[in-house]
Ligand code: ADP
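Just the one chain here, the form predicted alone, laid out as structure tokens.
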């Protein structure tokens, strides 16, 4: 890291520095927490080195982050909430910039640490999963009238499953650069048989039935922070992939991550299933906040979106396996293939339970 004092001085934090150390469990950006004593009161700030290898256009990313958090602050105020706790408060540098660039090109940003808060890494109960659904549902509700098309597309076609099928998966199968296709014919066939699913949501967008909205695109449980005392969800964090998309993407990916009965790289696929209690809990929480801002077509496709996001993720794992593991970090040569088989087993179980999933959505009262 560059000179710590030089970086911290850019953000004009008040008080005397007590401690500066690594913080959190993120895999992309490098995160630190800075603790200050301001006239006897402890204040903490998060300072992050943004991974410029992953995020090529940091100006665009930070423009999105400031636009969305500023909008959220006004919405939270209007609804009688506390914007200092219910959304991130990013801090500009002393010369008014949204991040600081060091002489070596490293980029740093800062925001206030939310006091008396904690993060949770694993979904251990339907109750905590429901609370994360409330947080992401509220995020969607408050941003429902934000002009999504004004945001920058940080990762083009990130959840365009049809594009991923045509431009990434099929070329990987045809080129077979690592001579691995022979080891996964069944999985390749699984994807090809579901080709029609890939375009369902994007076709509904073209037909004007699904609106573009502000989407988070990384709706893992540890991207929600909770109150240390009450365990209530406070706000959504990690806004690097906020961009135009579909509310269904965020809902579906939450279910893929949180309602699987085991880890996404469990080798014994007989253990893989969707837990309908967890599905119902998250859907109940999400719709309690976002339900009134979604249109009927969005609500009708919530259950399907869980299947599609799981299918897309499995297809991405399989694509990376065929390409020689160039994107996802792996622990052993077949890791991505194991992940793909796991996700496809979850897809199959969702297909078997789709009627039940859709009935659960219908049973949830939306005010």
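Keep in mind that what you see is a predicted model, and the values were worked out from it rather than measured. Positions refer to the first chain, counted from 1.
Beyond the structure shown, there is the form predicted in complex with adenosine-5'-diphosphate (ADP), which is absent from this document and is the topic of what follows.
- Annotated contact segment (heavy atom within 4.5 Å of adenosine-5'-diphosphate (ADP) in the predicted complex): 232-240, selected among 292-300, 232-240, 184-192, 71-79.
- Contact between residue 58 and adenosine-5'-diphosphate (ADP) in the predicted complex is not found at the 4.5 Å heavy atom cutoff.
- Contact check for residue 223: a heavy atom falls within 4.5 Å of adenosine-5'-diphosphate (ADP) in the predicted complex.
- Contact annotation for residue 119: at least one heavy atom lies within 4.5 Å of adenosine-5'-diphosphate (ADP) in the predicted complex.
- adenosine-5'-diphosphate (ADP) is not drawn, but in the predicted complex it has a heavy atom within 4.5 Å of residue 31.
- Site annotation in the predicted complex: the residue of 48, 323, 35, 330 reaching within 4.5 Å of adenosine-5'-diphosphate (ADP) with a heavy atom is 48.
- Distance criterion of 4.5 Å from any heavy atom to adenosine-5'-diphosphate (ADP) in the predicted complex singles out 113 from the list 113, 146, 278, 165.
- Annotation for 15-40: interface residues with adenosine-5'-diphosphate (ADP) in the predicted complex are 23, 24, 25, 26, 27, 28, 29, 31 [heavy atom within 4.5 Å].
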